[in-house]
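Just the one chain here, laid out as structure tokens, in the form predicted on its own.
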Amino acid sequence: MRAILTIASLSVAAMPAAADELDVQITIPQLNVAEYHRPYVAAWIANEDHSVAANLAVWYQLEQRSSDEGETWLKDLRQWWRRAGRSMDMPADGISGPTQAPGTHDIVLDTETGPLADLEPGSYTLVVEAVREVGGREMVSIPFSWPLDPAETLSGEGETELGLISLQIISEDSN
């Protein structure tokens, strides 16, 4: 009981500060079409030479009749596939996930760990690519400078397969 009281009495200033987080919001629009399939989506940070600095997410059909049938169609995410996908083992730990329904989806990453830990200060582009069976293909690119200003929200918008895409820092100072 005494240890619990001691821990509870620590001041907030004595606690280690949590890191800022990068929040990427991806909106998948509701489409009024006869045959709708959820899109495959890849999100990554590109260097100025268009190489991949960090993979953030790959959403694809994880459960199919055979164990790797969903992976067969990853190559349809053409830009991501050429830059990173073909050299990756799927599912990739921490970035692979199932296709998402229409709506807004958050990818929240700690700025000091994971794919952002080694990101050097400089110019980058957030790229989100989507492709849908019996549908279209679309890519939204948002240039930014790293580290990103916590007061800044950057965004871009697709026309068909992607809706609003936004990028911002969630600072612990603002909570």
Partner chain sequence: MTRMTGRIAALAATSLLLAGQASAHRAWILPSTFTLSGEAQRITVDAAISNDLFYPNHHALSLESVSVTAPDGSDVPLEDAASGEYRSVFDIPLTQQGTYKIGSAGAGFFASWEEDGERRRWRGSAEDLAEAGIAEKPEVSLTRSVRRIETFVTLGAPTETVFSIEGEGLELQPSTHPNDVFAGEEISFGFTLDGAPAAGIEVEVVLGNDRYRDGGGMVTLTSDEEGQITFTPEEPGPYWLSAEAEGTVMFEESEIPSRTSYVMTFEALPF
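All values derive from a computational prediction rather than experimental measurement. Positions refer to the first chain, counted from 1.
A second form of this protein, the form predicted together with its partner chain, is not displayed here; the remarks below concern that form.
You can rule out all but one of 53-61, 24-32, 135-143, 118-126: in the predicted complex, only 135-143 has residues with a heavy atom within 4.5 Å of its partner chain. Not displayed here, its partner chain is kept clear of residue 100 by more than 4.5 Å at the level of heavy atoms in the predicted complex. Taking the partner from elsewhere, residue 72 is found to have a heavy atom lying within 4.5 Å of its partner chain in the predicted complex.
In the predicted complex, at least one heavy atom of residue 78 sits within 4.5 Å of its partner chain.
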